[in-house]
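Below you'll find only one chain, the form predicted alone, shown as C-alpha cells.
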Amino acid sequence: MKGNDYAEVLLKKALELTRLLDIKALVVIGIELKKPPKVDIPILLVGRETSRQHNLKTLPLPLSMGTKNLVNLASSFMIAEGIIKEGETFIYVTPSTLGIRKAKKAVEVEDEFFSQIEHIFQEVLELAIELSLEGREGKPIGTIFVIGDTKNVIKHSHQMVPNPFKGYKINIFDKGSKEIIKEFAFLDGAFVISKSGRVLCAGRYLDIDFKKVSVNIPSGLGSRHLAAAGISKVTKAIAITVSESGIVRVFKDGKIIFEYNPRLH
C-alpha cells in the first residue's frame, strides 16, 4: 500500500469516528484534500502548503516540527479561535497516524502569535525548536533570533564579536543554511534576519535602555529575554529566544506571545 493510500484510509476512518464519537473538530495534518470532507464539525488543515484549501481553517506550520508539536499548536489555536473549548475532544489524522485528544492549551500562546505565521517566521521557529531539541554538539544552548525591521534593529544594537555572516549571502530558505546558522548559535548576542530570510549578522548585542523602555515579561527571566522583549518593543521586529532549558519563546511588542518547551511534550 502506498503512502497516499494509507492517508486516504486513515482519513476515512477519522471521518467515521467523528460520526460515532462526541468529536468537536477534525485536524488534518499534512494531507492534501481532494475535496472537503462531509462532516458537521469544524476542520483545521495543518501544514505549510495548506493555502486555504476549500476555504477551510488553516494553520500553515512546517511539518518538520513533528506531529506532537503540531497537534499541541493546533489544540491551542482552536481554543484561541473559539473553534473548540478546552476539555472537548478532537481527532487528528496525518499520512501515517490517527489520534484522539482532549483540547488543552499545551502551549502558552497569545492570539497575536497566529497572525505572525508567515514563511520566514515558520523557518526561524522551526530552527529554534530544532536547537531546543538537539542543542549544539549534544549540549543545551541559548540564543536569540530577531526577524524583520532590520534597519531599526541594527540601529538599536552593536556587534559584540566579528560578524561571521559579513560578506556572505546566507539565506535561511537556502538548503543547508540552517546547519550553518546552528554552528554559530554558541555566540553571545542575537542573530538578525531580514524579512526575506537573509542572515545579516550573529553575535549582535541588543542595546535597550530599560529606564526608557517598559516591557511585560514574568520576573525571573534573564537578560536574554529582557533584550528580546526590549528589541520587539522599540522596533517592529519579532524576537525568538531559545533557553538552555529548552523553552522557546516568541516576543512581540515587548511581551511573550508564545512559550513552549518541545522537550516536555
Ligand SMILES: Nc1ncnc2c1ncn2[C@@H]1O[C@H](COP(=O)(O)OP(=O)(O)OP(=O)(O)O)[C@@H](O)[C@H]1O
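Just so it is clear, the model here is predicted, and its values are computed rather than measured. Numbering starts at 1 and follows the sequence shown.
Another form exists, predicted together with the named molecule; not displayed. Remarks below refer to it.
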Using the partner position in the model of the complex, report whether Ala227 sits within 4.5 Å of the named molecule, counting heavy atoms only.
yes
So in the model of the complex, does any heavy atom of Glu244 sit within 4.5 Å of the named molecule?
yes
When the contact criterion is heavy atoms within 4.5 Å, does Asp188 count as touching the named molecule in the model of the complex?
yes
Does any heavy atom of Ile181 come within 4.5 Å of a heavy atom of the named molecule in the model of the complex?
no
Please determine whether each residue of Ile144, Arg204 and Gly222 possesses a non-hydrogen atom within 4.5 angstroms of the named molecule in the model of the complex.
yes
Only one of 59 to 67, 236 to 244, 34 to 42, 194 to 202 gets a heavy atom within 4.5 Å of the named molecule in the model of the complex; which is it?
236 to 244
